[in-house]
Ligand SMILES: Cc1cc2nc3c(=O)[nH]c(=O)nc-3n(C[C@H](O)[C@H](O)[C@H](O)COP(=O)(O)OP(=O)(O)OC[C@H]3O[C@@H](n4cnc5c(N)ncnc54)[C@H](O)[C@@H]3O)c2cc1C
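Only one chain is included here, represented as structure tokens and corresponding to the form predicted on its own.
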């Protein structure tokens, strides 16, 4: 097969690249090469099937890595019009109760994928599914791509194959490994937007506990970031959106990362101490576990008595001293959990690490191979949970597609 532009990866960034490339160079032959039987599988799953397209509060704080994601987003300001005008997808904000999130009015990712497919068809973009690219080599001012059925010769190639996260959706890191063999390096890889592992011994008895709180990541005594939201405890990890937004820190601080959870962020330590002393007095004659049973779910109340005070929950409540209450309050306001690792890739929504800033130019082109472009998760950008990673996909795909097409016409390279 001979073509002008091949986009490796039929996900969000690949779709955006295909649309931008074809609109920039309508006469160019554009092909999406997807390893799965059908494109868009990961897009369907985003936002729990609701497709959190973006966020109205975009800022540098929400993106992590060596690449200036907000600089790229600022150069592609028409992302909202991409859906509402070009694709005909009616959008709303905060449809799941989360402020700032942009969603399709239908609350269904299938609506978005269908609109994208209609647009690609109207533009004449071809899809080649079950086409896993296993080799890329420069040739005659372009590239030769190897796959099971043979070879594809193209003038430009856009790598939109994703990272390691969610391998069941086709992103298993194989393209990063292929690029490494071509001399294109990547930053240290770890899961992002994912649960964080804690010693199972530390969490025994907390499985299934959900609580609104505040959580901060520390390395030593240095606070790295603080988030508020629902905390979820499982056998060997802690999760929830507020935890997901701290997971990227594991890349840099592996072995030196600690979480401190405030389980009562709406109360000061003094207020909490006063409350518990009153409960001890009012519930005289009961057991120690009743000290917190009106404040937390019972298994968390019992866990705190056992693990913070080292007491049996069946001991008399009157045996709990003022010093015990002070100790409880300190732990409730700053429960320390040492991070032992990240969750497996199948539980991660994004990849921290990837091709760094010094391997690309301002057009998202490779500095090593002229005519090769990158977009999406394969680049060293990880966004927070809440539409930021899809926004990066739309913006980086749009810029890579546009510049690949311009280079065909003798414009930017």
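Positions refer to the first chain, counted from 1. Source: prediction; values computed, not measured.
Not on display, but discussed next: the form predicted in complex with the named molecule.
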Options 37-45, 358-366, 64-72, 22-30; stretch whose heavy atom lies within 4.5 Å of the named molecule in the model of the complex: 37-45
In the model of the complex, the one of 187, 227, 290, 132 near the named molecule [non-hydrogen atom within 4.5 angstroms]: 132
Touches the named molecule in the model of the complex: residue 374 (any heavy atom, 4.5 Å): no
Heavy atom of residue 353 within 4.5 Å of the named molecule in the model of the complex: no
4.5 Å heavy atom contact, residue 400 to the named molecule in the model of the complex: no
Any non-hydrogen atom of residue 247 within 4.5 angstroms of the named molecule in the model of the complex: no
Residues in 1-16 with any heavy atom within 4.5 Å of the named molecule in the model of the complex: 8, 9, 10, 11, 12, 13, 14
